[in-house]
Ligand SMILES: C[S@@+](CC[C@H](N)C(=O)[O-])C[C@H]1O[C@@H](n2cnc3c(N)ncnc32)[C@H](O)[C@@H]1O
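Next up is one chain by itself, shown in structure tokens, the form predicted alone.
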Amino acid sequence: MAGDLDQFTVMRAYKRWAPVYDLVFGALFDQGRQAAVAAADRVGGRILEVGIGTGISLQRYSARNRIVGIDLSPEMLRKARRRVAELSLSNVEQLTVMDAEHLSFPDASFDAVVASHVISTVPHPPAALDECARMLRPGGELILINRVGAERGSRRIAEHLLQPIVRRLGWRTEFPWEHFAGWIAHRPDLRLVERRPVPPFGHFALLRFVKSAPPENPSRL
């Protein structure tokens, strides 16, 4: 999986997508974005959205929460900044070009981390997931909207055949649940609390992980 996407391919793809992203994917992924924002708003506080893109979700967050957004694409972020200015979104603290696999914020900086349609588009998904988890305060939530590929059957074959084509578009068709299962198996600090399908096509899911508090230091007992 690590070699099928690289940062240059992703940046080039989303530079091309930036002018038309909202038109092509706005309505298509709207229900998933709404579900992710609603989950983050229930947590509240300071929220990081990884892969904020054109900022299409920003106006949906409650004004009582503080939002930070990052994206690898400067072209996508320019549209997000214009959106913040045009809509006077004063709760948006920061929009920054940043790599999801190498976040520069200190540990435990956020109450919730949202990544909508992002994890299957980065070169090394486990690295991005680890960085998202590092951002969370104890009790915080990692909230994902992501493609979950087929494990078998005709859909699995189609996803395999399409992968060389969609790679140039900046994402993966092949992303079965085993990638998440393998990652969470090595994260005792995280617990999956929700997995449910979201549109379109039944190929995507809302995933929520809660971060536990670190164990107490026995020397302090």
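The first residue of the sequence shown is number 1, and the count goes up from there. Note that the structure is a prediction, hence the values are computed from the model and not measured.
There is also a form predicted together with the named molecule; it is not shown, and the following applies to it.
Remark: Gly51 counts among the residues lining the named molecule in the predicted bound form, judged by a heavy atom distance of 4.5 Å or less. The named molecule in the predicted bound form is approached by Asp71, whose closest heavy atom lies within 4.5 angstroms of it. Among heavy atoms of Pro126, none comes within 4.5 Å of the named molecule in the predicted bound form.
Not displayed here, the named molecule is approached by Tyr14 to within 4.5 Å at the level of heavy atoms in the predicted bound form. The stretch that touches the named molecule in the predicted bound form, counting heavy atoms within 4.5 Å, is 71 to 79, out of 134 to 142, 104 to 112, 86 to 94, 71 to 79. Although the named molecule is not shown here, in the predicted bound form the stretch 81 to 99 places heavy atoms of Met98, Asp99 within 4.5 Å of it, in sequence order.
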